[in-house]
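First, one chain by itself in structure tokens, the form predicted on its own.
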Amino acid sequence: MSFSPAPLAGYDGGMNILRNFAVLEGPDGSGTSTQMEQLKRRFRAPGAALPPLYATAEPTGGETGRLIRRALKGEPALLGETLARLFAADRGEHLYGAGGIVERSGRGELVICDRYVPSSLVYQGLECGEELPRTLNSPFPAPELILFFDLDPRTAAERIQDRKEHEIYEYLEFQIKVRRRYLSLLPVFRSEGSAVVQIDASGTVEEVAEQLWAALENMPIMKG
């Protein structure tokens, strides 16, 4: 089953694009968290003539986000529908709460988030069907830029096999479906106005970082 443009067209009236907002997306093990750390170091480098960076992630560190993180480890075990609703609630606070994504991007900060709406449409879409995640997330703005870390699921599985703790979605059969769903979903975002850049996540940390940087440099905020 794949997403088609029709159900998502009209996503907030043809997708409301939030400027100065980029998201990192990809299957588990694709390296989004590692690359976020690389970005933060680059923005902190002395003499870097760059806009202020707000690096963040979902689930957040708030009360709802902490519950989600526990549930992703299976404690407590929650229905897929419950997780979908929790993700949407956490995202609403993340976007519109004091000091949140909308406020920061609006005052000229570059906001980069590790996972956002596409993750919910992929992961919860696979678990509880497309309709509920799509409905819950339809009011939220789309990012200006989506950076998709593409990696063969078998390679990703090898990368995460030595982790001390594993999440409920970190098994090969599910991750194969995750990659397939991302590849069918992202063209919908592109057709509605988000820029989508595919990152080859199979290289070294440094190689992936250079791809990521080349994509970010094209954002208008980086040229200002």
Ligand code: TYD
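Start at 1 and count along the sequence shown; that's the residue number. What you see is a predicted model, and the numbers here were worked out from it, not measured in a lab.
FYI, the form predicted in complex with the named molecule isn't displayed, but the following is about it.
Taking the partner from elsewhere, every residue among Tyr116, Arg163 and Glu170 has a non-hydrogen atom within 4.5 angstroms of the named molecule in the predicted complex. The named molecule is not shown here, but in the predicted complex it comes within 4.5 Å of a heavy atom of Asp28. Of the heavy atoms in Glu192, none are within 4.5 Å of the named molecule in the predicted complex. The named molecule in the predicted complex comes within 4.5 Å of no heavy atom belonging to Phe148. Under a 4.5 angstroms non-hydrogen atom cutoff, the named molecule in the predicted complex lacks Ser105 among its neighbouring residues.
Stretch-level contact analysis of 64-72, 36-44, 195-203, 151-159 against the named molecule in the predicted complex, using heavy atoms and a 4.5 Å limit, identifies 64-72.
Using a 4.5 Å cut-off on any heavy atom, none of the residues of 191-224 reaches the named molecule in the predicted complex.
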